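Below you'll find only one chain, the form predicted alone, shown as structure tokens.
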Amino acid sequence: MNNLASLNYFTAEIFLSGFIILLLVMSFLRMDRDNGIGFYYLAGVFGIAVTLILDLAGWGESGDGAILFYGMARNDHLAHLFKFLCVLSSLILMVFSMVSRETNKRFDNPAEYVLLILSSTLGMILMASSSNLLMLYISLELLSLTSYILTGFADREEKTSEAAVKYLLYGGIASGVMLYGFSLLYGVTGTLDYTAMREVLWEHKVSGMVLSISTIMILAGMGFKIAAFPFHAWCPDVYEGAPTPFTAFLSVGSKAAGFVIIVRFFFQIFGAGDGGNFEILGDILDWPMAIAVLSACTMTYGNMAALQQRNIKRLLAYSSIAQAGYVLMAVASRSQPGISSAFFYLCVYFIMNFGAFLAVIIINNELNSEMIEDYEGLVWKSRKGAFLASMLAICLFSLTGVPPFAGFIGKLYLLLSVLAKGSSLYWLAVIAVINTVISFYYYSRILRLMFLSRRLRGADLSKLEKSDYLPYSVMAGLAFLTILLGIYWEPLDGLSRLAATFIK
């Protein structure tokens, strides 16, 4: 489809790009910058909300899987579903930033913070629809560069600056490795378009050695984005040093964007659909097995490393690494149920992880501490403490995979997608179950401190104020959805099945 006709399918991206430019101009004209944080937050919420509405409005045109801008992007259900998830993550980030003391009323120029969030949102939604290596790399760099800045944006503490520099250095190396892999892949296929690459690889004999090396390099770059082992080294320090609202965003929105490019790349280039399964190229790297090994190592390392953590954000960082391993398990199944279950689990993870981080934000506002031992006796402090402890407990139970919470159904779907492939991946399902048991230990440690210990540590909790109604309502809503989707998940299951229709 030519550029002019493609614009009809690109309304959300066009609006967001124009809104970013408009807000940038307004930031130059607005003189009372120190008092304008509320204005810019509301403007950011408005821009993201309209982008979300425009994406939903264009959903009816997504079924044809139109190829836009001469093959640079695709307009299909997979793109719209992940766009929705990523844009909603940015909206939650904006709300969290409004209620967190780390990001509220502490900026010299709050417009920059909002503009960076909007720019990272644009990068994510472009990643979701990209079907060309050049488009993929540009959108990935737009997300990455804004993420590096946002990591060290809110504070000038040494820990924050160290996290931002570490993220930048690791990200630069991963980007360079992936880009070299792209160049090798372009060299053996002579094209940047996913569909054309697939045709070349299946119809012509290419160098298996070069293709395997390029695939490993590309997988390393994409593994960095989702914090998969052994490309995870940046994750704990960045999660601890970054503002907590942005940490929550990295663990959900950025991770979802990373998974959509993995799914598109491997399934559209190296897969051939046949009865709901995807065959692999004969003598070339067995990428499903490579991803399966990556999945096993990632979930095992993440859970084992989380056992000894004392900082709640570092614990959730290692938990996020383990969760990436669980989702990779579905990708390794190279099947349509695998794609559906991966999206299903990412949606469930969106709800329960954002709920957990919102509880951490509010508790940090109250106790001014991120140490797990300061959560001791939280439920006994006041009714406010009991509410916070209960909401956090629901999210942690769901992250563990305990019924009847949504996390249990999500992990069950992941396991079923692996077991459906036969005995070749049974071992991966066994490892996932063992890791689920391990994760229960470090999550239950937090629950034990909050509920079973009557020793009151940390500062006293303040009284409930009108300004608390928004975050507490959002937290209650996320906890309610966590329970509801553990009991009635059919609507989300129906949406998830649409994600697997992107390849015929």
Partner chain sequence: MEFINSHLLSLITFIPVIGSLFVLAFPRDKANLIRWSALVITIIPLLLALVLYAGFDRSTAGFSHTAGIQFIEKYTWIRDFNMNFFMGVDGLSMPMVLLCALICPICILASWNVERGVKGYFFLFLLLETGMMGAFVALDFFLFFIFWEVMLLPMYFLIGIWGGPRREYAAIKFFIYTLVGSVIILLVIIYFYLASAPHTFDMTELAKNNALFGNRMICWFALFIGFAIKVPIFPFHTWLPDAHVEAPTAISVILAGILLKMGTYGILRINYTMLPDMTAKMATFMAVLGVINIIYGALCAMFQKDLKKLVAYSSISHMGYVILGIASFTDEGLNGGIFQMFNHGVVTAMLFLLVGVIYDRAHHREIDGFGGIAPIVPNYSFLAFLAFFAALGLPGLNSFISEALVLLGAFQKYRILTAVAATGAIITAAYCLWTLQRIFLGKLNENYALLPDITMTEAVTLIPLGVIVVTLGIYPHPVLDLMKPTVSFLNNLIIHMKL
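This one's a predicted model, so the numbers in the text were calculated from it and none came from an experiment. Numbering follows the first chain given and starts at 1.
The next section is about a form of this same protein that is not shown, the form predicted in complex with the partner chain.
K.L.:
When the contact criterion is heavy atoms within 4.5 Å, does W202 count as touching the partner chain in the model of the complex?
P.N.:
Contact check for W202: no, nothing within 4.5 Å of the partner chain in the model of the complex.
K.L.:
Answer with yes or no whether G208 is in contact with the partner chain in the model of the complex, where contact means some heavy atom within 4.5 Å.
P.N.:
No, G208 is distant from the partner.
K.L.:
So, I409 and the partner chain: in the model of the complex, are they within 4.5 Å at any heavy atom pair?
P.N.:
Yes.
K.L.:
With heavy atoms only and a cut-off of 4.5 Å, decide whether L447 touches the partner chain in the model of the complex.
P.N.:
Heavy-atom contact with the partner chain at 4.5 Å: present for L447.
K.L.:
With the partner chain left out here, work out from 309 to 317, 428 to 436, 234 to 242, 177 to 185 which stretch has heavy atoms within 4.5 Å of it in the model of the complex.
P.N.:
Looking at the partner contacts, the answer comes out as 428 to 436.
K.L.:
Here the chain is shown alone; which of F357, F405, F82, F267 has a heavy atom within 4.5 Å of the partner chain in the model of the complex?
P.N.:
Residue within 4.5 Å of the partner: F405.
K.L.:
Work out which of F440, Y472, Y41, F69 lies within 4.5 Å of the partner chain in the model of the complex, going by heavy atoms.
P.N.:
Of the listed residues, the single hit is F440.
K.L.:
Relative to the partner chain in the model of the complex, which residues of 165 to 187 have a heavy atom no more than 4.5 Å away?
P.N.:
Contacting residues: none.
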